[in-house]
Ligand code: NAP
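Taking the form predicted on its own, here's one chain by itself in structure tokens.
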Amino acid sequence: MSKPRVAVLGLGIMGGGMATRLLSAGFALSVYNRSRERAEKFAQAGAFVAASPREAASRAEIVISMVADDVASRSVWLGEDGALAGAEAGSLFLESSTLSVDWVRELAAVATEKKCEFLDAPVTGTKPHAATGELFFMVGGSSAGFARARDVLSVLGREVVYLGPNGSGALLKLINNFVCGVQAASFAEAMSLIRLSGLDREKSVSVLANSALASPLIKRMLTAMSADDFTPNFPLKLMTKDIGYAIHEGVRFGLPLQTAAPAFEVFKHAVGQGLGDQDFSAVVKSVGKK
């Protein structure tokens, strides 16, 4: 069977990696990015660069969105130039951005009215994982839609988990990210305490790096600190957004996320310090500073 025609909306850190992977796997690909300049290298690799999400969707059977937040997602899906306006009935939509559950369910309902399948399919992983097909997908939607998406998802991800109805993938991704944010914020405070107390930094870091707390996330932060390189794989401002979305979900279920709230404040402070476009690990530079 021939491969389905695919469109990717959003060519940032993750969307760009996913587009690269799809091209290398031989998919006919259309791409759209708000800044056309970022799309030019994909044209050189054989992708069609669309002038709008609508045009990209009109050329595809499967449309994947990977953008920053609810506002950006609305802009690529809705409106006269949105993907929904250009897609044919029967198209399959995958929203792989990390978004609020409310918006994901609203978008799913609009897709149904259009007689299209919709999956919320957020991912864990970073740019290298996207480009090499090593992402981890958490999928919500119909089982029929999931079955249709398997060929594409298997190219993009090392593991794909179907969780149930629309909103399931979006919610689990927010839970994952708020826990990561809490861990990162507490580690940033720990490093600040080491600095202010006068403890030997090198020895202290060595102890922490070989202790039970040295998760992959903490090891990534330690690597960034050691190299003094906070080039974004996952921008700090997006971690801040995700924690905020997770807090909203907790409220919806009557569960105040009492560890997420202070972590959210730590990350908001870091954004206020001008660190939002750096990697989330740059939060270590903001704790203890006014």
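From 1 onward, residues are counted along the sequence shown. Bear in mind that the values here come from a model prediction, so they are computed numbers and not experimental data.
We do not show the form predicted together with the named molecule, though everything after this point is about it.
Undergrad: Check F234 for me: does it contact the named molecule in the model of the complex (non-hydrogen atoms, 4.5 angstroms)?
TA: Yes, F234 sits close enough to the named molecule in the model of the complex that at least one of its heavy atoms falls within 4.5 Å.
Undergrad: Flag V266 as yes or no: does it have a non-hydrogen atom within 4.5 angstroms of any non-hydrogen atom of the named molecule in the model of the complex?
TA: Output for V266 is no: heavy atoms all beyond 4.5 Å of the named molecule.
Undergrad: At the 4.5 Å heavy atom threshold, is S215 in contact with the named molecule in the model of the complex?
TA: S215: no, not in contact with the named molecule in the model of the complex.
Undergrad: Is there a heavy atom of V271 no more than 4.5 Å from a heavy atom of the named molecule in the model of the complex?
TA: Although the named molecule is absent here, V271 would stay clear of it in the model of the complex, with no heavy atoms inside 4.5 Å.
Undergrad: Among 90 to 98, 185 to 193, 203 to 211, 163 to 171, which stretch sits within 4.5 Å of the named molecule in the model of the complex, heavy atoms only?
TA: The contacting stretch is 90 to 98.
Undergrad: Looking in the model of the complex, is the named molecule within 4.5 Å of a heavy atom from each of L11, G15 and R34?
TA: Spot residues vs the named molecule: full contact, yes.
Undergrad: Since exactly one of S143, T112, S75, T132 fits, which has a heavy atom within 4.5 Å of the named molecule in the model of the complex?
TA: Comparing distances to the named molecule in the model of the complex, the residue within 4.5 Å is S75.
Undergrad: Please identify the residue among L238, M221, A56, A260 with any heavy atom within 4.5 Å of the named molecule in the model of the complex.
TA: Contact residue from the list: L238.
Undergrad: If we check the named molecule in the model of the complex, which of the residues in 108 to 123 reach within 4.5 angstroms of it by a non-hydrogen atom?
TA: Just V123.
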